[in-house]
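Given next, in structure tokens, is a single chain: the form predicted on its own.
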């Protein structure tokens, strides 16, 4: 028996179909949006309410070993936000490191229905799949990290691009990943030598390759395979004053690469709050001389259309920084003398991720300028379709601060109010105070739904409300006139959805979790020619035996962990050449 539902009198914002506030009905049947439903269908009247597709988060750390290590090393984080059980939900904790169940509940309470874990060490992918049993209410995608992997290095050094593509294909099949993440290419490997690699053409210890070679080779391999999501990129020199020049140089190095099937955007730049730090004129690369580089990166983006970004917006208050960029985390530890965890076994290499708790203070001159970086970018980028909302949860702040970030982007009044509480450096070293731009609800729907769905390659079923889309829907008690009258209403409305629907099932009613279904895991399944596959698998097996402690035969995540959740996406075949 089919399950039918009709949402009536919705004020719809659906940019993928150019719908900007039209009053419409949305018919739902068997988890999909359809043309019509029978008269017997259940009905919900949403007169006066704003309706969008379910939110899509392109970059949020919600699974994996470093998150669990952070939870263990920060018990004070749990004590700050205990979450009681209800008739529908389990108990847990929140704050900057929500427990798994609470993560799903809080995303769906905000109207989000799809999230992406962007940093999965392939050797620890099984850990992520096991956690999925405790993470409900959202669909998920995962991105394995390959930028500091010795087998990647070997294919790059041999200039064996088909071999590298086949290795990427094997990794995605083995781990259930959607795409490929690169973190500080070569720099994290150098961390095993107590070093970092800051420049594009610096040779990596033990190898005759450079970050440029790793970055361009992996980007080409992703496009050869036709993966749904372009290369997901965390640049070298992260968190260093003046690094906007390094970031632009790395983006520039990729411009020549042809996108699969004419794809225009061939790389996604993650968390620009940390990647686009400028420097005052005549200054030195020291924090006292930091300047926002957000405008410089926006001007580069307006002139070059081969990349997309997510903001990684600083939100002020407590955060927990965690990244596969081990040397960056050590430098942050030296700066703060806070707790520090160095996770040395990630991705089967002798360096890896780090964790450091951190509090962003609006009165700090450096934190105030950092806040301005991504805000300045978002207020100056012409094409919002290339700009996705994120806080790089929990690095720049928890994902639960998205409503506050939206209020800054949608209301100059709200920005001005906050600017008066920040260190004056933000006015002297950025242009945020001068901008009158205010994002509309249509632009919010682009940056939080349509654009991330398109960038992830999920637009056939996610990020819109057209016929055939998954019935992932968010309803907010918010009217266009409310925004100008009371910017704080933006925060309240996006914090607590009136209704959230996941796959046709109501999961939130009036801000309360109503049901807790498991979502799906979206993976890609690239195909390579059989002879190429056999060659590369044989070579990888031999390298495992020489370099890895983990055995080849136990590396892949078994089907029994994946079968209940995984939804593979079709990708084209690649031949050896």
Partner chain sequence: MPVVNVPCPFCGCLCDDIELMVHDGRIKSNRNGCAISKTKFLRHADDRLVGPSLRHSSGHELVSLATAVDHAARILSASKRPLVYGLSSTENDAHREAYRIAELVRGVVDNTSSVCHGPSILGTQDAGEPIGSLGEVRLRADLVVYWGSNPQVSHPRHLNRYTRPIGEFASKRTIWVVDVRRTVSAEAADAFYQIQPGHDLEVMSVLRALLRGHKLDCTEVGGLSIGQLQQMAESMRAAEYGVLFYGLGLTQSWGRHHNVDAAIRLVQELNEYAKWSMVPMRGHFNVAGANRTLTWTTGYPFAVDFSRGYPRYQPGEYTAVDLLQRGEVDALLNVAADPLASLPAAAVRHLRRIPVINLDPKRNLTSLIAEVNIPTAMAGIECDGVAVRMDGLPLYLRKVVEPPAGVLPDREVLRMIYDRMVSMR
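Numbering follows the first chain given and starts at 1. The structure displayed is predicted, hence computed values, not measured ones.
What comes next is about the form predicted together with the partner chain, which does not appear here.
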Answer with one of 424, 480, 75, 468: the residue that has a non-hydrogen atom within 4.5 Å of the partner chain in the predicted bound form.
75
The unique member of 545, 47, 36, 531 whose heavy atoms fall within 4.5 Å of the partner chain in the predicted bound form:
545
Only one of 106-114, 333-341, 446-454, 157-165 sits within 4.5 Å of the partner chain in the predicted bound form by heavy atom distance, namely 333-341
Given the partner chain in the predicted bound form, answer whether the residues 419, 438 and 517 all have a heavy atom inside 4.5 Å of it.
no
Residue 567 within 4.5 Å of the partner chain in the predicted bound form, heavy atoms:
no
With a 4.5 Å heavy atom cut-off, would you call residue 359 a contact of the partner chain in the predicted bound form?
no
4.5 Å heavy atom contact, residue 560 and the partner chain in the predicted bound form:
yes
Taking any heavy atom pair closer than or equal to 4.5 Å as contact, tell me whether residue 364 reaches the partner chain in the predicted bound form.
no
Any residue of 128-151 that, in the predicted bound form, places a heavy atom within 4.5 Å of the partner chain:
130, 131, 133, 134, 150
